[in-house]
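What follows is a single chain, given as structure tokens, in the form predicted alone.
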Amino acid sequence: MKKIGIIGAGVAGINSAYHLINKGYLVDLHESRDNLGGRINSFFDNKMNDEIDNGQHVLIGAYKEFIKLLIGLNTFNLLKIQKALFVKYYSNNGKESQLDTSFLYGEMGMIIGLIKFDFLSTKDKINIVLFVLKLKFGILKSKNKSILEVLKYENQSDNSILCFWEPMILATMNTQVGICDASLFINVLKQGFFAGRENAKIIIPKVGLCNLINPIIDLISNNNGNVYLKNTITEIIQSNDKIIIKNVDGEEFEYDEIIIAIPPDRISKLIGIEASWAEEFEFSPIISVYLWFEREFLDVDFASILGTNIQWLFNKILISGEMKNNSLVSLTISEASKLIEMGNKEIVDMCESELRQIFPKLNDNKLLHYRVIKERNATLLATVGIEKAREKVKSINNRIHFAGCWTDTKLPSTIEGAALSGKIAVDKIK
């Protein structure tokens, strides 16, 4: 029986471990941090006694691989799942509307939702429907183009890009519309938002993200494997028939094959010239802001905010189902490169001002506490041509394999992309 070592306990590494165990391999999982999850993890805010995430993560029904993992870990019940795609929109000018696709199944549900969406003109709606039809029949030309180029070519107005397309692009791609790879985003549309009710619906964890994935520890242990936390791997040695990895203390671990599921900037230090492709990747930041107010002011789970620096607003109390006197909201600022150097208090003041402009219920609602979380390398920067760089990521000597949302999954840098990469890596082990 082969023994496989996994370096990195993010979603990619965890899903690799899950699939390896199901195939009967012995598995060790190595993680430099003291907790699992990589870029999806949670911790307690001691002042307010609330568990919060390092950033708000949202799934859609099309996340089949990650959902399979949660079902296998018996944590699928910790998700709040829409019956059909429903998004509330608020504008900085006080206008509000909603995209409700629950009237019919399939593309017709989306079309009826668009017809009722007040932020779009009749002409905008017609052109979006035509775009969806071209998408369905596979006649959109997107190769080596930015999504902005494709949208403009397909007669999408500035207003429809701002109100409809851009929130979706930033949420899934975390890349500016003008430089975002069109082919990747079109894959998202095909597999997700325009692939029927089940695939398009929004799914939000009701608990801290660590609660979704921590059961992997017992699964590995119960199958004669080990989970090593706070174990930084600094060297990889290839012998004739084994792979030896060393940690920072010089301790050695021997495996038949390994999967490396860490960011590419760390891979080049481990592998050296054989992984020179790792230097080609760039990443994009996300800022998450948690605000505790005296009283509740939002009556939906989440909302898209238009015309502000904030793009998405999540009602953490309503999502969790907990009964509390105060309000806790999570704000997401995607592709935050222009704001990442701002001070935390400056970011909070900006966000609070924008919220108070939109929601009158905040006028006499005191801000009690805040947390700002900056993920400088949150996701892959999905620029035009990024797929060429991803295609260079190959196994080394058929014994060293790579996983991560930045590898060649044909998906953007999402939880699903990370989960799928873990399965792809496992499939290379024979």
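Computed from a prediction, not measured in an experiment: that's the story for all the values here. Each residue number is its position in the shown sequence, starting from 1.
The protein also exists as the form predicted in complex with a small molecule; that form is not presented, and the subsequent description refers to it.
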One stretch from 383 to 391, 364 to 372, 400 to 408, 43 to 51 that, in the model of the complex, holds residues within 4.5 Å of the small molecule by heavy atom: 400 to 408
4.5 angstroms heavy atom contact with the small molecule in the model of the complex for S268: no
4.5 angstroms heavy atom contact with the small molecule in the model of the complex for I4: no
Distance check, S395 to the small molecule in the model of the complex, heavy atom within 4.5 Å: no
Proximity of K64 to the small molecule in the model of the complex, heavy atoms at 4.5 Å: no
Residue (of N231, N315, Q156, S142) lying close to the small molecule in the model of the complex, criterion heavy atoms within 4.5 Å: N231
